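Only one chain is shown below, in structure tokens, and it's the form predicted on its own.
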Amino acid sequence: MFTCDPPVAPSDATRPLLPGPGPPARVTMTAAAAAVSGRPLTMSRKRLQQLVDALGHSTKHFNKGEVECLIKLFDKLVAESSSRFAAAGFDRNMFRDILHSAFGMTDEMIMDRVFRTFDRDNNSCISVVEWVEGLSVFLRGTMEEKIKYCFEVYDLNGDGYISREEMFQMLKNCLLKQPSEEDPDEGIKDLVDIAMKKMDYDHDGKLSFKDFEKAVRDETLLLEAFGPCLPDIKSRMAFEQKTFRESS
């Protein structure tokens, strides 16, 4: 079965809470500081059980034990955060710290888009429900769910299409890591042209969800064609092993 770490005690509060290739998330601070701010360190057992019961039914890819572990992790991170929004959940900076420390993400544009995809009610704060439901797709989603998720990440302006301009912006952001003697913009424009020829099935100069879905189903490597927005296997397994501690 799955068991979670116990609630953070003051003496434990300075240790890193999340596994991963990056440094400890900046959201970690002392439990004493959280107490001084007036926020409780952990939610009540009754509230926890209500959330576990509700999310256990609505979240397809986690069992109730795993849901409880994710809620407790959320509660620990919120309790230890210095953000003034932490009482409601994760703000943009807190969430980006988690994506970096737990999953090794470094692309700021992509991390911002992942935040927006998790933030279903668009209130600039990720609630515990959005956290668990978002991770369900992020960590264990079906191919259909991942296609929908990646399309939402890449549709920068939310108009239902991935335009040439959006492709260029994302590819330029994630590919320009090393200086080059050649004009980098020209190379990126060439990549956009290749992507359009391969994925724009109705030849309207932009990618609809239908175009993107067909392209990915024909070639799964195109799922993250415009930037890595899902965890790799190693970081996903490390996060799950740390969060869902197995015991006999």
Partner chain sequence: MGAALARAAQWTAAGSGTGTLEITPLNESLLNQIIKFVEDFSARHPREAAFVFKEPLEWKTQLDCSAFGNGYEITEATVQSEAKAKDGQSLLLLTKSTLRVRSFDQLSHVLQIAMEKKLKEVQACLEANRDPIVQILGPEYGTVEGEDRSILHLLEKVKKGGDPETEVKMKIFLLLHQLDLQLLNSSLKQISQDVRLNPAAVNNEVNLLKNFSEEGEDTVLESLEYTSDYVFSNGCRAPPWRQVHGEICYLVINPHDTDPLCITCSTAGVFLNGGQIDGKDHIDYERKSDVYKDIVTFLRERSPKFVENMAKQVSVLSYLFKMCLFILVYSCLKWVMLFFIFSKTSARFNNVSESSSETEEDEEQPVRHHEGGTDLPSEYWGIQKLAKYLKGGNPTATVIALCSMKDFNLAQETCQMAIRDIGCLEVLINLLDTEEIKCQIGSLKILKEISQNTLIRHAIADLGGLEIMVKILDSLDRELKCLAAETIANVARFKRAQRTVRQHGGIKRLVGLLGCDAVGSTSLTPYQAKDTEMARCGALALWSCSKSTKNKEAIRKAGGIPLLARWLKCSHANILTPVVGTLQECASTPSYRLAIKTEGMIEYLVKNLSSEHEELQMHCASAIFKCAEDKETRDLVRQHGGLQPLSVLLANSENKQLLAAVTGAIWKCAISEENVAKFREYKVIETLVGLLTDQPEEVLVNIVGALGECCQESVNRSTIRRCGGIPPLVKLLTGTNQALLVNVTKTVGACATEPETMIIIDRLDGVRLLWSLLKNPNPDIQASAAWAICPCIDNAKDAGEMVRSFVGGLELVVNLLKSKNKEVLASVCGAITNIAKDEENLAVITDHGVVPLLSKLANTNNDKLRRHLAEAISNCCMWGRNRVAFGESNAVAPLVRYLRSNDPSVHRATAQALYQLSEDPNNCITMHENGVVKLLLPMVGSTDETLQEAAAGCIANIRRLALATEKAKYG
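This one's a predicted model, so the numbers in the text were calculated from it and none came from an experiment. Residue numbers count along the first chain shown, from 1.
Just so it is clear, the following notes concern the form predicted together with its partner chain, a form of the same protein that is not shown.
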**Q.** Heavy atom within 4.5 Å of its partner chain in the model of the complex - the one residue of S163, N93, N173, N123 that qualifies
**A.** N173
Q.
Is L191 part of the interface with its partner chain in the model of the complex - any heavy atom within 4.5 Å?
A. yes
Q.
Within 4.5 Å, heavy atoms only: does D53 come near its partner chain in the model of the complex?
A. no
Q. K198 near its partner chain in the model of the complex, any heavy atom under 4.5 Å?
A. yes
Q. Are any of the heavy atoms in L222 no more than 4.5 Å from a heavy atom of its partner chain in the model of the complex?
A. yes
